[in-house]
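Just the one chain here, laid out as structure tokens, in the form predicted on its own.
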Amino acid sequence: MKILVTVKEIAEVADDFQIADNEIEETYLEYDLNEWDDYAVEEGVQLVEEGLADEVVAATIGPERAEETIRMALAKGADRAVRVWDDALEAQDLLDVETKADIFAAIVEEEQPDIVLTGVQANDDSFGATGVALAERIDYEWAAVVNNLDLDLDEGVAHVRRELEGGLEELTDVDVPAVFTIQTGINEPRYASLRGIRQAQSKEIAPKTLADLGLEESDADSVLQVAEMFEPEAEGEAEFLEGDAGDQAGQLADVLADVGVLGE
């Protein structure tokens, strides 16, 4: 059984930063593996360790810089990786869900995985839709916001637990092949060991262009454009209350009275 895990390099912004030409200057950005994808990688690696899968392939859409991020997935146990990028993708402001789903669908066509794992969402754009859109493209069964995954290979089914709104959870069975979007907390992602980091340096990261995947430049066209970027204005101030519980309760009552929540 082969598992494909989609991973994304996300940018974390420094506390103090500057915006120029609708972009945050590079010097204020640090790049890391998307938190939700970290859990998806761990779930795939654990399925291999349990003898339920044979290989984990990580796939990402990103420039050469993203190889540092995807090597973190390799250091944590993924066997090899695919990175898709070219000038047509570089020219886009922001990739929409449809474009990303089309690209990952082309990778699925090449790799033929039995299971695709994605993070529920990404820290930066928070679309939360790529995994489900991908499942529709490749005609796989799917389950979103999965916080427990139990594979039954004999039956060809996955018993999953999904997180719903309002603290509710759903237990359901999904036929394999399938796409699962993985929620944080499903496992405890491991730290990359020094041995794993060294081994990751020799693992394959296959660069692919759209043409390599049988796609056209027009397939990179995204309907999303960055219209404006600005630092939101602070709408309030934080006030720390000092003293013991009684002192803090008294101070809090005064604050609530000052803003008109409580009468005098």
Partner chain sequence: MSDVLVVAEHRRGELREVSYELLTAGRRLADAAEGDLHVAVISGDVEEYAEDLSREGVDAIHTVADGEEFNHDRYVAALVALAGDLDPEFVITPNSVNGLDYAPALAGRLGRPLVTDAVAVDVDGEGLVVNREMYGSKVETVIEVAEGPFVVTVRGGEFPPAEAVAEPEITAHDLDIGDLGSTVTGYEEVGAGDVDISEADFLVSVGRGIEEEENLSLIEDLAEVTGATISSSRPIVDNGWLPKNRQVGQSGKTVTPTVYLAIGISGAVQHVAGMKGAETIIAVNKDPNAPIFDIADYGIVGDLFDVVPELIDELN
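Here the structure is a predicted model, which means the values were calculated and not measured. Positions refer to the first chain, counted from 1.
This protein has a second form, the form predicted in complex with the partner chain, left out of what is shown; the following refers to that one.
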Exercise. How about Leu94: is it within 4.5 Å of the partner chain in the predicted complex, going by heavy atoms?
Worked result: yes
For this session: Find out whether any non-hydrogen atom of Ser218 is located within 4.5 angstroms of the partner chain in the predicted complex, and reply yes or no.
Result: no
For this session: Answer with yes or no whether Trp85 is in contact with the partner chain in the predicted complex, where contact means some heavy atom within 4.5 Å.
Result: no
Exercise. Within a 4.5 Å heavy atom cut-off, is Gln112 in contact with the partner chain in the predicted complex?
Worked result: no
Exercise. Based on heavy atom distances of at most 4.5 Å to the partner chain in the predicted complex, which listed stretch, 48 to 56, 205 to 213, 34 to 42, 65 to 73, is the contact stretch?
Worked result: 34 to 42
For this session: Name the residue from Val174, Ile138, Leu151, Ala192 that puts a heavy atom within 4.5 Å of the partner chain in the predicted complex.
Result: Val174
Exercise. So which residues in 12 to 26, when you check the partner chain in the predicted complex, have a heavy atom no farther than 4.5 Å from it?
Worked result: Val13, Ala14, Asp15, Asp16, Phe17, Ile19, Ile24
